[in-house]
Structures are given as C-alpha cells and as structure tokens.
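To begin, one chain is listed below as structure tokens, in the form predicted on its own.
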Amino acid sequence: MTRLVPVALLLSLPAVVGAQADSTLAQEGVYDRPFIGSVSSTSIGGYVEGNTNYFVEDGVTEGFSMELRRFNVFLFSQVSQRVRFLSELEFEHGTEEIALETALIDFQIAPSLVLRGGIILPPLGYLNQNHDSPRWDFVERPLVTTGIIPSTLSEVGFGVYGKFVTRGLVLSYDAYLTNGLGDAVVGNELGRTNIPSGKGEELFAEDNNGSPAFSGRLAARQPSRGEIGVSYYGGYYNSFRVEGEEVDRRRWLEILALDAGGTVGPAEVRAEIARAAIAIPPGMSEIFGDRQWGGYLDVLVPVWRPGLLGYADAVVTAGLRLERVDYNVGTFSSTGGDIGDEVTAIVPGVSLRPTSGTVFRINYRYHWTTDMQGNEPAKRAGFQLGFATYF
C-alpha cells in the first residue's frame, strides 16, 4: 500500500490538470471570504473549527478527546478605490497560541499589477493562501502542506501579483521578498530536519541574516477545465551574518511545488506534490535529511442532496485522501540501505454541507510511520469528527 500511494499521486496529476473547476483563482483565496462586502466599507468576520479525536497506535490509545482547534477573526477595509486592507488574527487551541496570521495592504494599479506589503501568505502551493478550514472536507490538512510546506506560513515582506485573461485562459502570477525562515530548520527539538520549525515570532521583527527569501507562483486556469500552478520558495535560513560580519557558511533552502485542481465528472479532485532541498551543516548528513518530498490526492464525490431542514443546497460528500511524505530522501553511506523517516496515510471520510460556508465531517485516518532505520512501520488509526464554519 505504501508503494501505491506515490504512484497514485503522480498518475492523478494529468487527470486533474484536464479537469473542470470553480472560477476562483488560488491567488484570490485571501479575499474569497463571505464577510467581505461592498466598496468603502469595513467588515469583520472569521471562522471557527472544532473536532474530536480517538486514535490507537500499535494497540495503545490515549482515549477520546475534544478540541476547539481554531478561532480566526478577519478584518477587511476597502480604504479607497485602489487600496484595501486585510488582516487575520488566529487563536489556536483556545488561547494556547495567538498569532497575527495576515496584515496586508494591497494597492491596485491594474488587475495585472497589484502591489502588496505587510504580513503576507507566501504563494507556496495551493493551501497556504487557501487554508481556511471551512473550505476543506477533511479535518486535517495534508501532511505535505504542514510537514514540508510549512503552512500556514506567514512572513513579513512585499511584492506584486496580478492576472491576465487571454484566449480563454486566466494567467496569474505572484512574486514576493520576505524575511524567510530561521536556524531551527535544523536546530530544533525534533532532532531532524523540520522546515516548519524554521518559523518564529522574532522573524516578524527582523531578518536573521539580512538576506530575504523569494517566493513565487505561476498558474493557469481554464474555467471549463481547471487550474494548475507551479510555485517556488528559496532563501538562506541560517544566521550566517552577525553585526555585518559573516560567521558561518550560507545554507540555502528551497521548495518547489506543483498543484492542480478541478472536477472529473461528478468528482472534485485536487493534488499536490512538493520537493525540498536543504543545505545541512557538515557532519549532520543522513541523520538530518537534505532532501524531502511529499504529495497528496483528494477525491470528493457528492452522494446525496437531502434538502435538509430547509437547506435546499445541502450536500453529503464522500471523500478519499491518499498522501505520503518522506522527510529524509537518500541511503545510508555505510550500508547502502534506504533512510526511513516516512509517513503514508489513507483517509476516507464523509462530510455534510448545509451551506457552502459550513461543513460537518467525519474522517477515519490510517497511518504507516517508518522510522529512520526502516523498521516495521508503526500503525496509527483513529476517527475524527469535526465542524468548521465561517461567520
């Protein structure tokens, strides 16, 4: 089964590229929210997400638990005809973590050229700009979007974005310079390369090395077929410069991602593959991976439109997710054997949407986790029941 998942991910991409999709571009995700109103108005909105968990790993369970995972508040203002402001404040696990996830200003010169600055969401893959929980029919975000692409990734910076319409195609681009990630990509409590650990509150105040990271995405959408996008993120992550003096070798980190989404017949399909390359300090190779990859495939099929309690557009959807991540691609120099540190997962689920902005969902997750030595995978399985809604 673990060998079939990456093959399924790769084979699915041509079908997704040729699929039909909704009309919303990925880059418009931060503004595609129901609370945003008319010109010359200030609006407030947000979303809330909660769920329950019951998991068993190799016969051991911690029992049943519940969590209010996220409570996010949006503030939007159409400052003038060409200037608009958007912010998002996130409360995670109650008040365990409070973060200003977005605080940006857009100045539109033309639809093909918009200047943006502030705390932005780098356009890395599809989910980072479209991460709101009510949009997804699965409780958890895909492993590749949280383990390799460190979503939700918020960084201070500036750049440009825009879109063109030509011959029935909508072409979009995004390009930004930001403070980037920090030393904890390698120097973290996990004892292995972990890109999400490179995020830090101190990076909202200043760059740790004075060398900005670059991120960008190019995408093409045909309304009758779907959207495909390719994105890139690259920058030096270590503190190689202190008070103007270089004290260490510069270490580069880059992530390349390909995403696609649309509909195939009655099914909504979305897939993404990402690859990361990380420069590792001498003597830490093999234990700390210098290459990582991952991907997922989501398939959602509406199976029932019950007209529930006066909700004429209510829909029940069956879904399946296949996903895999490899946090240390390569072989041991001493034995020639493959380095492990891999996770493969299958997630079937059912969701109910009484309206498009509210979802109730139940998922069954089954994971195979292989340690670095490649021992027999640990098996983890369990149920999650949750909800998410815009307000």
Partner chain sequence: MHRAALFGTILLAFPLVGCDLLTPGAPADHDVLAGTIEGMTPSQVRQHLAGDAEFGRVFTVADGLGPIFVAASCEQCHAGDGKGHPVFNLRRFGRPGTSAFDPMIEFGGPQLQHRAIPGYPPEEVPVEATGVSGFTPPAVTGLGFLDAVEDQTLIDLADPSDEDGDGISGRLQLHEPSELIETVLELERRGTPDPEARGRRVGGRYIGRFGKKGLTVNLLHQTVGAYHQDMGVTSDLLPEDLFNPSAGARASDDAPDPEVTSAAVGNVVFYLKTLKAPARRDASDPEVVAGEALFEDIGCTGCHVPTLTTGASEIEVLDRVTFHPYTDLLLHDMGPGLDDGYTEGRASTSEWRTPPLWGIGLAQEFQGGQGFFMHDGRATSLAEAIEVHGGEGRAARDAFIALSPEERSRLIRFLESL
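Residue numbers count along the first chain shown, from 1. Treat the numbers as computed from the prediction; the structure is a model and nothing was measured.
Just so you know, the form predicted together with its partner chain exists too; it's not on screen, but the next bit is about it.
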property	result
Its partner chain in the predicted bound form reached by all of S112, K199 and L256, non-hydrogen atom within 4.5 Å	no
Candidate stretches 112-120, 78-86, 300-308, 257-265 - the one whose heavy atoms come within 4.5 Å of its partner chain in the predicted bound form	300-308
Answer option from L177, I287, L171, V230, heavy atom within 4.5 Å of its partner chain in the predicted bound form	I287
Contact residue in the predicted bound form, chosen from G210, G187, P223, G234 - any heavy atom within 4.5 Å of its partner chain	G187
Residue contact check: Q373 to its partner chain in the predicted bound form, 4.5 Å heavy atom	yes
Non-hydrogen atom contact V329 with its partner chain in the predicted bound form at 4.5 angstroms	no
Close approach of G63 to its partner chain in the predicted bound form, 4.5 Å, heavy atom	no
Distance check, Y31 to its partner chain in the predicted bound form, heavy atom within 4.5 Å	no
